[in-house]
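Just one chain follows, in the form predicted on its own, and it is written as structure tokens.
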């Protein structure tokens, strides 16, 4: 395969496929359709609750898949050890830009089974290496819902848990203060909540402060897990690793580590993932799970505008032997040059070199 001629998105997809398979992840291939009921029962897990539906020939209401993880969880036998799966699939969602349905190419992986800290480190490592495959200039932001959950499950905060989650996600310290004052929450607990909105930076700067502030066993366990993972990533990858507690997810589905990846040139996260043990429980699966997705459609922001349409414009006349034209084209493409064969120069066509065959 001529890698030099691949588009950026295709190069990334090729590199990610090799990366995941080299770590024993098997390709998961799914149908374009799932029963609509799967998405109705788990709509809060989806990025968007807008789903394209149709009725198949036997009367079942089906849907074009808006998500891959739900299908993998539904169809994976979690009793056969740790299952490592990756996918390259098109999903169908409403575009934030056009507000119309869009076919989105997505790749990612899922690790399901009796997972331990080693499995978490492996998946976060592969997430970091995925970002490096996209761009050398990248960062991985990581949070741990175990810390957030340990705080928000306290009796005084339960009535305003949803609102507080929104404020933490927006880094809205003033909003937290106002909510706590209305609810009569003490200053120490309020300050701990405010700290989560201010927690952003390298693990070596952030985690010691968290260890001093959150002293209960559940939070300490989460911080220790965060420390192990971030230490490993900093030793084994070149990606910038940041602790960021504004990363929040629906705790009905997610728990533990959550993370998002960024690359230069793309205005939003190109990678998103986390632990979703709670989803496994909701789908009656006695197993743990963690995974992530890379949104390949966002890489179009990185595509540099090419100065030339092709490297060589190859023109010919009616008298030129067909074999001569095709042989010349083969010779040029063997030199890793992009060639366009034309009878005459197209209007507005840009090329590096023009070869005329008589």
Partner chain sequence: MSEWINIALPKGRLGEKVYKRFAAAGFECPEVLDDTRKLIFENTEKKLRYFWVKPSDVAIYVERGAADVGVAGKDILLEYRPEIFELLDLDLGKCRMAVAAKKGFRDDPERTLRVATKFPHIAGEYYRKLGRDIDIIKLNGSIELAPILGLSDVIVDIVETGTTLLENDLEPIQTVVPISARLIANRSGFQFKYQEIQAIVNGLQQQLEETK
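Numbering follows the first chain given and starts at 1. Because the structure is predicted, anything quoted here is derived from the model rather than measured.
Below: the form predicted in complex with the partner chain, not depicted.
Examine residue 214 and determine whether its closest non-hydrogen atom to the partner chain in the predicted complex is within 4.5 angstroms.
Residue 214: no, not in contact with the partner chain in the predicted complex.
According to a 4.5 angstroms non-hydrogen atom cut-off, is residue 204 in contact with the partner chain in the predicted complex?
No - in the predicted complex, heavy atoms of residue 204 and the partner chain never come within 4.5 Å of each other.
Are any of the heavy atoms in residue 242 no more than 4.5 Å from a heavy atom of the partner chain in the predicted complex?
Residue-level check for residue 242: yes, a contact with the partner chain.
Would residue 200 sit within 4.5 Å of the partner chain in the predicted complex, counting heavy atoms only?
Heavy-atom contact with the partner chain at 4.5 Å: present for residue 200.
Just one of 114, 234, 170, 277 has a heavy atom within 4.5 Å of the partner chain in the predicted complex. Which one?
In short, 170.
Considering the partner chain in the predicted complex, which of 92, 87, 254, 262 comes within 4.5 Å of it through any heavy atom?
Of 92, 87, 254, 262, the residue with a heavy atom within 4.5 Å of the partner chain in the predicted complex is 262.
Want to guess which of 162 to 170, 122 to 130, 146 to 154, 106 to 114 is within 4.5 Å of the partner chain in the predicted complex, heavy atoms only?
Partner-contacting stretch among the options: 162 to 170.
Across 122 to 137, which residues bring a heavy atom to within 4.5 Å of the partner chain in the predicted complex?
Stretch hits: a single one, 137.
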